[in-house]
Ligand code: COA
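Single chain ahead, written as structure tokens, the form predicted alone.
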């Protein structure tokens, strides 16, 4: 258990709050476990009718904690996590699959930075509230990696091929107002209104007929196809982690210098 993700249930809403402000809420394996366990709990517990993702600071999440990520995958071994579980049960995989298979409503409140999974997880949320200052990025290619969380399908569906490619390949950011305009977010509100609006929407959803909500969501998205694509992305992701390009990208990150891919790949 970690207090870097706070979990609470109130008014039939499970709130999962990123709470690691000193690291801009960068996600560790332990944090992924709390998130994955929370989604599992929400699906099983009839007393929970909605899940809200929030943050205790302006940053939503800076994505994977790369130091923790590198330690989890030391030596290029992606077959085990810290608990010696098979790859299909890694905490990050459990979380992503939980997003794919979630039938109850998912709501998010995003006031600032959303990097990598901090953006791609929003594509699985049913209502996303953002502040104008929000900055959503998917810099996978810059780390010599590939998109995850089925974002290779879901992001182009939302924003079109050209905009999605620019976000993936060039690392271009998406601001809050544009996120609302092109359909990544439901509403863009002043930063001090985002959390309250997201909470109000989550509570409102708990008052709706849960059976109808579940079937509506099932009709709107193909959970099996999304989960299958996550597996495909995961295989490519694992291959890329062992590439010379990734070695250079991670070395450059930890050495705080620009990566030089001219002699690799």
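Residue numbers count along the first chain shown, from 1. Small disclaimer: the values here were computed from a predicted structure and weren't measured.
Below: the form predicted together with the named molecule, not depicted.
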message: in the predicted complex, does every one of 58, 129 and 188 come within 4.5 Å of the named molecule, counting any heavy atom?
response: no
- request: Using a 4.5 Å heavy atom cut-off, indicate which stretch of 61-69, 199-207, 42-50, 227-235 touches the named molecule in the predicted complex.
  value: 61-69
message: Taking the named molecule as it sits in the predicted complex, is residue 168 near enough to touch it, meaning that at least one heavy atom pair lies within 4.5 angstroms?
response: no
Interface membership of residue 147, the named molecule in the predicted complex, 4.5 Å heavy atom rule: no
- prompt: Are any of the heavy atoms in residue 143 no more than 4.5 Å from a heavy atom of the named molecule in the predicted complex?
  reply: yes
message: Considering non-hydrogen atoms and a 4.5 Å limit, does the named molecule approach residue 26 in the predicted complex?
response: yes
- prompt: Among 125, 115, 100, 155, which has at least one heavy atom within 4.5 Å of the named molecule in the predicted complex?
  reply: 115
message: Can you list, in sequence order, the residues from 228-253 that come within 4.5 Å of the named molecule in the predicted complex, counting heavy atoms only?
response: 253
